[in-house]
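This document starts with one chain, in the form predicted on its own, laid out as structure tokens.
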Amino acid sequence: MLQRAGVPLLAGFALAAVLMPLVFSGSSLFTWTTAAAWVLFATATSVLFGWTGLLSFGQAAFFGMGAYTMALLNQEVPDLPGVAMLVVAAAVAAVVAALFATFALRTSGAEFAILTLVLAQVLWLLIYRVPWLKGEDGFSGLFQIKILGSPLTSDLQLWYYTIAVVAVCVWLLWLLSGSTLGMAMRAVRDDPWRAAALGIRVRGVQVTAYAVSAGFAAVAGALVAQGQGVVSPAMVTFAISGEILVACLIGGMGRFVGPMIGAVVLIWSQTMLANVFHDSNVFVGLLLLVIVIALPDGLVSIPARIRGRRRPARRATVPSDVSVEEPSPVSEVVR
């Protein structure tokens, strides 16, 4: 019962919220704050990629949409609480995603993935074409984010705020994954034709999954913008979409926590290697490539691999008085 309610998940976030400030401070704690936002981003992407089987190359569109929505709200309504900005950003991204998916999901597979990439590129061009989005300059000075009437003024306050929002959002996604809608998403992923035969509205489930993923991705983008105090077109580039897919692959889709682990590994590998190498992107790419090749099922598969090595599979023995016939090709076809 506690597992279904997500209590262990919330307990893990609460433990992280308490322990991290005791171990890290300053820039290190800020890195963990960024990683926490990316944990939400990866989990939101998994709703499409892992749960529903929809490949999207344009998740950066909603990540950046959340950031720019927050920046515009901060500019026009500076007294609006930070949490309210997150809600508005999620709503805007979800509505745009639902409208886009309603038409884009008339295609499937690679065609749909390319359309999502086009959406991200269109948003990137709009940033440069629409004057109030400020083009290459972007937005800066977004540090007066108010929570309960008081602005966030320290890395510690920002950490507690970010981890609390991420914990609530990830918990909601956990509840969704165990709900009837979550099971319908996985049914659509496994076999859309059989799901339709069972009465599941495949297109409706896919549109809902796309909107949910976009909404939570927008919250992650807005959290990053609130933490960094800067919003730029770099948040809408294909590199962001690619990195979050890589994070999901690193962690693995086999378990709910897989993309979360992948996001933490991605952010910390980028940070650590950037302190050693001038151009760290190449080395980060090589590191992630090694992980993906060595562990096709992601880092979450390591415990199962260790157990498999410690417990070799038992071979079934057949009594000597029992004859075993090789299956004929006809029997294989019938099966």
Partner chain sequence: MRTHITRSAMALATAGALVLGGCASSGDESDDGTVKVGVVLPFTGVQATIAKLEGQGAEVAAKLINADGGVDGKWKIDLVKVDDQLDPGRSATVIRDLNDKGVDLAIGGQTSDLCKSSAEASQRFNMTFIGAHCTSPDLVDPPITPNFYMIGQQMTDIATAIGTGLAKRYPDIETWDVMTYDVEAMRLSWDVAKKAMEKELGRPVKVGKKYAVPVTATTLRKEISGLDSTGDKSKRGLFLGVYGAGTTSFIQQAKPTGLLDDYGVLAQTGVYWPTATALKGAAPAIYNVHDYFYACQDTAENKEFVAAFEKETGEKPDAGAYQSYLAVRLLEAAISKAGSTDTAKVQKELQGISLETPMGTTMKIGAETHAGSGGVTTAVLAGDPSAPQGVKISDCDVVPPSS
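It should be emphasised that the depicted structure is a prediction, and the values quoted were computed from it without experimental measurement. Positions refer to the first chain, counted from 1.
As for the form predicted in complex with the partner chain, it is not shown, yet the points below apply to it.
Residues within 4.5 angstroms of the partner chain in the model of the complex, judged by any non-hydrogen atom, belong to 225-233 and to none of the other stretches in 77-85, 90-98, 206-214, 225-233. Not displayed here, the partner chain is approached by Gly138 to within 4.5 Å at the level of heavy atoms in the model of the complex. Taking non-hydrogen atoms only, Leu125 approaches the partner chain to within 4.5 angstroms in the model of the complex. The partner chain in the model of the complex is not approached by Thr180, whose heavy atoms all lie more than 4.5 angstroms from it.
Using a 4.5 angstroms threshold between heavy atoms, Gly12 counts as touching the partner chain in the model of the complex. Taking a 4.5 Å heavy atom cutoff to the partner chain in the model of the complex, the contacting residues in 27-63 are Ser27, Ser28, Phe30, Thr31, Trp32.
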